[in-house]
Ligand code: ATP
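One chain comes next, on its own, written as structure tokens: the form predicted alone.
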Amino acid sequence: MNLKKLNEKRVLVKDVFNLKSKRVEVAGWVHNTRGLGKIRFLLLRDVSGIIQITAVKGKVDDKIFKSMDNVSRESVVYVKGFVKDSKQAPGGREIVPEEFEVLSFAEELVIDVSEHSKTELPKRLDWRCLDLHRTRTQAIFKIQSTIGSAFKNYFVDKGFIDVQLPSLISASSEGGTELFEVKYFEKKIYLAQSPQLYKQMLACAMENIVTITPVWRAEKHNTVRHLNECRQMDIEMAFADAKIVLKEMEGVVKYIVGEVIKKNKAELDLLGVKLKVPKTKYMTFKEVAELMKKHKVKIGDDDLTGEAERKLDELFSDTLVFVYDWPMKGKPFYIMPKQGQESLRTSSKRGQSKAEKADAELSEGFDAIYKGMEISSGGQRIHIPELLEKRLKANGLNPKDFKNYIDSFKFGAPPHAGWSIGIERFTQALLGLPNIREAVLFPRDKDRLTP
């Protein structure tokens, strides 16, 4: 097989249905085969769709007929032939083969890759290389591709700078012990649990930035909505507060959902998902707490329970719910306290206190709830070194471990804010997937490191 020639002449299946040309060359996987007397049917699948190959004994070369009779499902084949209309064929067209070549013969399948597969998710993930042959699985990642590209395009088109951030860090980005330790020459370092500190430094120099970056969390619990490795869609904006970046999230989520509806109709139909561009609702944490109390739903003192998130979706369906004025105790050290803003902005050279409200009860932090799930967390950041030191100590962290981070705000740091959306969790919420691992090509959790 001359691959250069094939690459030049090969037609994607979806285009066969629109071509006026009668002779085409296609290549892909054997989706299914069927024999009926002297007729052999083969469904050929590529990333764009499925088309029927039909061979009648005596009207095609005997070698082609025998090959079609013996080829196994998921084998990779090349077909050259004539296109003809057929009312019985899927899509109304079929190819009568002139040439047929098996490029790679598939062994007996270890999992069912049909559309109605009953294979359980753990085994499917064990054989992810084969599970990715399923059109349903591919549909999820085609939609996720739209999500990621729409996110980037939305902000790049608005003048945001697309940046790449480190995955190795010297100390915790958010506090806590949920870090993976790494041996780095003679030093002990960690996999990044967040791009937070770096994107703040960038915003204080380059203003508005956007990135999609991997993060790692050493959380030992296995749930259907948590991973130990995931990817975040992040922005950070200079000269911005929580309200400004919330509006940016409202805009991009509506844009992403609209793009998925427009570009992934076939995939949404295959998955049985009906989408609407969401409405938005803004609520304080206190308002949510009072609403949950009214409906007898448990809620934490400084966090929302999964039950509360699901109740918000029940009460406000197809709505992106922003919960702001979040309790300070429920947010990381770098989130700006809600009260005392004026005193916090004063200059130390004038001898005024910049941290008198560092123990404020409320923060400039927020969460976003969509389809019964937290999809984002963010807020206005602390850009005042003295206050950062206080907040670090209050969270049991040593300011010396964050010296470079703190120092970066000593040389002209504007007020700034940002947020992140986990692309896998957003995919799970958008498509109603029962397990987040279905939204990850190769999931990493407490028990899974392969494939």
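Since we're looking at a predicted model, the values are computed, not measured. Residues carry their position along the shown sequence, with the first being 1.
Note that the form predicted in complex with this ligand isn't included here; everything after this is about it.
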Please state whether every one of the three residues Glu219, His226 and Ile375 places a non-hydrogen atom within 4.5 angstroms of this ligand in the model of the complex. yes
Though this ligand is not shown, can you say which of Val113, Cys230, Ile140, Ala192 has a heavy atom within 4.5 Å of it in the model of the complex? Cys230
Could you work out which of Val24, Val13, Ile436, Leu431 is the residue within 4.5 angstroms of this ligand in the model of the complex, going by heavy atoms? Ile436
Spell out, yes or no, whether the shortest heavy atom distance between Ile421 and this ligand in the model of the complex is within 4.5 Å. yes
Does any part of His31 reach within 4.5 Å of this ligand in the model of the complex? Heavy atoms only, please. no
4.5 Å heavy atom contact, Arg425 to this ligand in the model of the complex: yes
Counting any heavy atom within 4.5 Å as contact, can you tell me which stretch out of 413 to 421, 385 to 393, 61 to 69, 46 to 54 lines this ligand in the model of the complex? 413 to 421
